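Consider the single chain below, provided in structure tokens and representing the form predicted alone.
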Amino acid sequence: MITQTSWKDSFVKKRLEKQLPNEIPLFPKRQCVSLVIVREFDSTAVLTTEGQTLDVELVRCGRKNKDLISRVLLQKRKQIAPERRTGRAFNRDLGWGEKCAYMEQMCGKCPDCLIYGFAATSGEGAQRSRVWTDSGFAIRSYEAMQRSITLNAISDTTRGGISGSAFAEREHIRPQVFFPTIETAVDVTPSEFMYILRNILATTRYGAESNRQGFVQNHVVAMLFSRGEVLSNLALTQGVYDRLLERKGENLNEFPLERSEVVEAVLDVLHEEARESYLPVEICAGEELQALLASVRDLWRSEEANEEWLRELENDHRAYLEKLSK
């Protein structure tokens, strides 16, 4: 059931207004909201920058458990790039930045340029990204979650016999692998935050060959309001590993993880970090987060509320560009 609402009166806008600036500042204020996301792969995926092997780093298992472990990486660019493409497709549907093109001529005026940043490819002008992220790490070891898949050539004949021949082998991650990650939006207005959130929730494909695999569910499990970043992706993953190891013992690396257990461990880590932080950290999770996401769902399903949000986003950027021009 859709609850009709307006953007102005929505729960999500009122919640964001308490913490975020109502206009884009010309100089950084470091008003941060971090989206904590558990990325769950629902299919096999290839997470590599090039070659046949997965991107792997040797790191400590946890912050308590100091054993070494090889973990698969979800590179930072492999997270942001597909989400930006989702946003840019949305922009073109709205008639924004239709001629804005990476590596050629970025317009410097559309939401993608002004939020995620751009470098001048010709002429002058540049914008720092106001979305901070880093590479994500798988919770379990590389050995527990990878397998090599042989690729066969496709035959299109009716002769029968050998339909194709193996021509390559590539490492994949198995389904139901989790990457706890954090994306931090800095000095964004409520309408801009909604644009970032939409890109994350609407993006479903990550990694190489993403038209055939790499299906991902992005579960937003918490939002952190603070004056800086609270912890890194690696620290989050190590904290989760420690907690899951305490509960599951050595079985941790034998079977796929249960999402609810991962989410519970993530929230434990976040609350511990918030308690130990020097600066105040406000956590939005549990029932409050679910109410906020329900408000977002109602908003996007309402044509009028959607238009109201987009109008405010456009006005925010127009006001910012006018300030820049003075």
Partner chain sequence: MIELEDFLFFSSMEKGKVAETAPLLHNYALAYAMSWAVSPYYHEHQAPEYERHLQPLNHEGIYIFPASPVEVTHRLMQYNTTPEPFLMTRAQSLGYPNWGFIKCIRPGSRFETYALSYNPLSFPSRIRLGKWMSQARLEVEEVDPERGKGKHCPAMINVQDLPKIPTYFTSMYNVLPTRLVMGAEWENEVEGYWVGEVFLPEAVFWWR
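These numbers were taken from a predicted model, which means no experiment stands behind them. Numbering follows the first chain given and starts at 1.
If you look for the form predicted together with the partner chain, you will not find it shown, but the lines that follow are about it.
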Task: Heavy atom contact within 4.5 Å of the partner chain in the model of the complex, the stretch among 27-35, 295-303, 282-290, 256-264 - done: 27-35
- [ ] Would you mind picking the one in V220, A144, L252, V186 that has a heavy atom within 4.5 Å of the partner chain in the model of the complex?
- [x] V186
TODO: Quick one: from D93, E104, E169, E246, grab the residue that has a heavy atom within 4.5 Å of the partner chain in the model of the complex.
DONE: E104
Open item on the list: Quick check on R212: any heavy atom within 4.5 Å of the partner chain in the model of the complex?
Closed with: no
TODO: Look up in the model of the complex whether R140 has a non-hydrogen atom within 4.5 angstroms of the partner chain, and give yes or no.
DONE: no
Open item on the list: Can you work out whether T150 and the partner chain are in contact in the model of the complex, taking contact to mean some heavy atom pair no more than 4.5 Å apart?
Closed with: no
Task: in the model of the complex, R174 touching the partner chain (heavy atom, 4.5 Å) - done: no
Open item on the list: Is it true that T49, V56 and G125, all three, sit within 4.5 Å of the partner chain in the model of the complex, judged by heavy atoms?
Closed with: yes
Open item on the list: Given a 4.5 Å distance limit between heavy atoms, list every residue of 290-326 close to the partner chain in the model of the complex, or none if there are none.
Closed with: Y320, L324
